[in-house]
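Here you get one chain, nothing else, as structure tokens; it is the form predicted on its own.
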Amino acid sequence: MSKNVKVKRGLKLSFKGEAEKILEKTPLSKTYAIKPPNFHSIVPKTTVKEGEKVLAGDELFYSKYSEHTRFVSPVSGIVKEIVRGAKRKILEIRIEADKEISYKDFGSLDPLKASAEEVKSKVFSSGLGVFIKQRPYDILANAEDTPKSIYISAFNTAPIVGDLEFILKDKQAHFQTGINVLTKLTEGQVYLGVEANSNSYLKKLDHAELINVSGPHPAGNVGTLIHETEPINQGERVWTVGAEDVAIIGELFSTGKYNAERTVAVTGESAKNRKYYKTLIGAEIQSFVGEVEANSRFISGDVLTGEKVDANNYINFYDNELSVIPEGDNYRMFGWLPFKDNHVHSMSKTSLSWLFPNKKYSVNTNLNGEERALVVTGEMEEVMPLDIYPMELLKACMVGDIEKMENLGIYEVIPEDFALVDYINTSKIEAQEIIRNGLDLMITEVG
């Protein structure tokens, strides 16, 4: 049984710099880092000290407000440094890796034969719980909750991102086991979003209800899938899991090992070796990025929702992409004139690029303007497939009007659903940041 979701509103963005479908295994990087700021609203309590020896799967820290939420080491080695910022906030826990990884043995378990309580206990006690996020609010799942359904998207429609079907092609068995695990965590359905027009092996998996997705970005977003199948109402909980993370969950149940393998697609025009690299969660960026052009920006994640990182830093916990694009510190002479730069992508048809919908365009970090008054243009509604009023919701978040935020659908959205609004809006407001602040206010005031 499957459902079809056809999205009409949105925007197809074709940028230069896609990764070739070549998978390369990288050598172990010297150090790895788990960064608590990657996990929103978490206050970490460390369980290790600098100089302490750990195995892959050993606990590094847990959440102060939920002892069931545990964060474990991706590699074996020595805890080299606990990096702290202002007010002694923990920014990174760095582990110097052994030359050969040793794993903590969690023991195997067949999820289809085990009880729901056994499966949930194993997921959260082994550190796999951090791969599961909760909607509303886009925070880590609470082990004490039972979601009404669980969603996985294996179809990423954002520009120049990794192909999840390619990333999972060698992990089909573990991915299936991961789905079997997730079926024990909910009394509802486990939904899997796939590309409608493909003949993917993902359509032959068991115990997941398929959602055949078609349309422009953000058709592949989990938020779009939820909205089109089982919209979230006040008081309800839905869980979401990244596609490759489902395979990590399945592998631990099959082998007893916490194998934090991560396939990272290096994309963007400034990267010269644009491929897929098999590495581990928290690896050094320099260990796999290869040669890049000068004056480039490194983004952990995709170009619409990713986070700017330093070239000497580490890949973020959940990311399957490293985007490397030119810094936009150049200025277009008379760039405000319509039809002057016809090589620039424009949704509002101020360049002739709209005549060539399949052409690929260069992208850099230029904003092409500065923040200005928020005016009614109707452009936000054109790229928002969810049945909400995006501008009104942003205004409600900006003034902190909780009643209006609830009425306008704050429970259904997270920042990534407003990534295209960030891209196209002429007001140059930070829509994703505004939504994140609105969600944080809801956590504080409503819970």
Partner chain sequence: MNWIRKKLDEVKAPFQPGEKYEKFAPAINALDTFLFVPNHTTKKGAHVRDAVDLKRTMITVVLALIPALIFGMWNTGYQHFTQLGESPGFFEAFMHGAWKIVPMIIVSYGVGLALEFAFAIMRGHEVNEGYLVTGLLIPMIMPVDIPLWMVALSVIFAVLIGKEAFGGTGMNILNPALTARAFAFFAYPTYMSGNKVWVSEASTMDGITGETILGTLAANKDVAYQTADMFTGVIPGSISETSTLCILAGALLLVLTKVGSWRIILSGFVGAAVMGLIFNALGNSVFTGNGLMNFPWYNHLVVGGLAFGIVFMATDPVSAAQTMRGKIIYGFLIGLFGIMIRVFNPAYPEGIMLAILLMNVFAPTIDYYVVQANINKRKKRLKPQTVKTA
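Positions refer to the first chain, counted from 1. In this text, all values refer to a predicted model and were calculated from it rather than measured experimentally.
Another form, the form predicted together with its partner chain, is not on view; read the next lines as being about it.
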So in the model of the complex, are E118, N180 and S254 all sitting within 4.5 Å of its partner chain, heavy atoms only? no
Check whether G409 has any heavy atom within 4.5 Å of a heavy atom of its partner chain in the model of the complex, and answer yes or no. yes
According to a 4.5 angstroms non-hydrogen atom cut-off, is K25 in contact with its partner chain in the model of the complex? no
A219, heavy atom within 4.5 angstroms of its partner chain in the model of the complex: no
Heavy atoms within 4.5 Å of its partner chain in the model of the complex: does K133 have any? no
Which of K104, K171, H345, K184 has a heavy atom within 4.5 Å of its partner chain in the model of the complex? H345
The one residue among K272, K89, R332, K359 placing a heavy atom within 4.5 Å of its partner chain in the model of the complex is R332
Exactly one stretch in 89 to 97, 67 to 75, 224 to 232, 203 to 211 has heavy atoms within 4.5 Å of its partner chain in the model of the complex; which is it? 224 to 232
Is any part of 334 to 371 within 4.5 angstroms of its partner chain in the model of the complex by a non-hydrogen atom, and which residues would that be? F334, G335, W336, L337, P338, F339, K340, V344, H345, S346, M347, S348, K349, T350, S351, V363, N364, T365, N366, L367, N368, G369, E370
